[in-house]
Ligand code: HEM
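As structure tokens, one chain now follows by itself in the form predicted on its own.
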């Protein structure tokens, strides 16, 4: 157990944990976005409420899944902050002159230099988001019928939230941080896992940019759509 702890505490181990947890979170984000796209269906929220009601059918296992997801998030944020602080302490020049492990130029950018900032911002956003839609869901009355059973009208909760320009601006702004974080995180994850070859670097970096843009615009479009069009 001690050798495993020592291995995970090493620079390589920390990067491995960050990479695996990051991949798990990106997969969750993709699934989350696909489900939220039902908000675009112009049926008064029936499709979205039906999608949301599907989670109720999971029963107590849903809490296990949520706790597991929360653990991954805490690990990713916690290890991300400690890794960034250790890297900054090891390089007091704050990466003014930076090279990658192969001796070539690094992919130093606004996103890479501010991963700890965007990460903390997303952590704060996550707390607000959970309160906004997960905790407040508990207090929403079961006043919509789906397949003969009463469920909470979550579409109304989302619609009410995004009818407020403050919350629209908050969520849109948070997605900007998300895009910057994911842009660098995508490339850094593959590099940490040894899946990066020099001849692939430009293509993978471009792919990371594309993935970040697609997911960011996908989430950003929802509050804007509801506020201006729905």
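The model shown is predicted, which means the values in this text are computed figures rather than measured ones. Numbering follows the first chain given and starts at 1.
Only in words, not in the display: the form predicted in complex with the ligand, which the text now covers.
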Heavy atoms within 4.5 Å of the ligand in the model of the complex: does residue 188 have any?
-> yes
Using the partner position in the model of the complex, report whether residue 161 sits within 4.5 Å of the ligand, counting heavy atoms only.
-> no
Would residue 152 show up as a contact with the ligand in the model of the complex if we use heavy atoms at 4.5 Å?
-> no
Classify residue 25 as contacting or not contacting the ligand in the model of the complex by the rule of any non-hydrogen atom within 4.5 angstroms, answering yes or no.
-> yes
Quick check: do 81, 120 and 123 each get a heavy atom within 4.5 Å of the ligand in the model of the complex?
-> yes
Of 42-50, 162-170, 197-205, 176-184, which is the one stretch near the ligand in the model of the complex, taking non-hydrogen atoms within 4.5 angstroms as near?
-> 176-184
